[in-house]
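The data below hold one chain only, encoded as structure tokens and taken in the form predicted on its own.
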Amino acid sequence: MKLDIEGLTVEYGQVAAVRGLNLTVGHGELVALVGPSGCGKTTTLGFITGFIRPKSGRVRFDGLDVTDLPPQRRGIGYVFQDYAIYPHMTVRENIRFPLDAAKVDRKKAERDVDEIAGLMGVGNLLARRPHQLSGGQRQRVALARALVKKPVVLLLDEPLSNLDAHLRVEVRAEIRRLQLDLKMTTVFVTHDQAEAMAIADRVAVMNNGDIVALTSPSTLYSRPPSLFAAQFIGSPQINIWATDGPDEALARRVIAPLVGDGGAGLLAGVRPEHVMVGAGDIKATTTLTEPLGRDFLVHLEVGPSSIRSLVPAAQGALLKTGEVVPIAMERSHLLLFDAATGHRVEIDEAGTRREDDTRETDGGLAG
């Protein structure tokens, strides 16, 4: 099932929650929507389901306009953040509920429940009630209920946010395996960028009610189309230094091999893992080290400029506050942005700047 959203605008009073959004999700594709709180992610899901009426915009399933169809006729599976399973029903009754509502023959409904419960690993829990389940089990029940009616589109609204960290990884992998096995067109809303990068075919970064970047996780990380996308994706956050202002000396030194005109009006970006400590021709002072388990986050200063570097734990443990160390930037990973527009900038062999003013770099349609 191919999903198309065209020109979506949703307003609450004088405030536009979503404005002019366009999005295509291909058959069997999983697209993750990420962005800061209030950017319009859940509102977009609500429009797809039919729960939210827009000021303007259409939604099409395989080219068929379903904008005016009621939610129950759209064939959508929806998993809520808080699971929304009924406490007075058994697991079996919860999973069977959408089939009962659709007046599916009871024998067939029971077979379908057994099949999806087995697929989701809750077949041995069918007689229990929700209060007898762990958080991970409740989430699997909620997924089973959404999938039992074989939806044409699956919508997931922060389905893992209430789970412990280790369960999030486990259930996330189950969702992805299931989605790939069933070839189900899926839109996954999450505030967790790592979750989005791990699970999605493409990631849509939203801001102020529109999509500002839409591409594969690897491209979004290595060649983000905008400064906003570069800063939103990645933890620890990318280093950014402007060629005009307090960071001028460091920024111009970093970009000098790539830019022949001094780089006026540019921002230089380097992710922490691409700042090498212990080698290079830049002298930096260590101001703080943070153990993160496998790695250390090292805070450094060069004059007035701050730098974050991610180094192996064995190396980070030896660094002392106040120590002066040589550093270098991996120039193949250097990112440049236009300070005025925020667009990523590429520089050709002749030294000519070219802005990447697209929101998308591979496949689909971004608004």
Partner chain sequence: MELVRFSLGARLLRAVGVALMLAFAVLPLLWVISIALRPGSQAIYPISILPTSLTLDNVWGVLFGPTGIGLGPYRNAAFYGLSSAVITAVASTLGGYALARYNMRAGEGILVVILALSFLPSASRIVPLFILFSASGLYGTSQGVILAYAAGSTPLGIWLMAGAFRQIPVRLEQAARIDGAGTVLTMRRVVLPLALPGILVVATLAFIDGWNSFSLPLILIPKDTAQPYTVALQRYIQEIGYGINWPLLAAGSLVALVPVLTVFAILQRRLVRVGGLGGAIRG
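Bear in mind that the values here come from a model prediction, so they are computed numbers and not experimental data. Positions refer to the first chain, counted from 1.
Keep in mind that the form predicted in complex with the partner chain is not shown, yet the notes after this line are about it.
Using a 4.5 angstroms limit between non-hydrogen atoms, residue 87 touches the partner chain in the predicted bound form.
Taking non-hydrogen atoms only, residue 136 never approaches the partner chain to within 4.5 angstroms in the predicted bound form. Contact annotation for residue 202: none of its heavy atoms lies within 4.5 Å of the partner chain in the predicted bound form. In the predicted bound form, residue 245 stays away from the partner chain, with no heavy atom inside 4.5 Å.
Between the options 234, 217, 98, 272, the residue in contact with the partner chain in the predicted bound form by a heavy atom within 4.5 angstroms is 98. Residue-level contacts in the predicted bound form: of 176, 168, 149, 252, one residue has a heavy atom within 4.5 Å of the partner chain, and it is 149. Residues with any non-hydrogen atom within 4.5 angstroms of the partner chain in the predicted bound form fall in just one of 137-145, 182-190, 223-231, 279-287: 137-145. Along 304-340, no residue reaches a heavy atom to within 4.5 Å of the partner chain in the predicted bound form.
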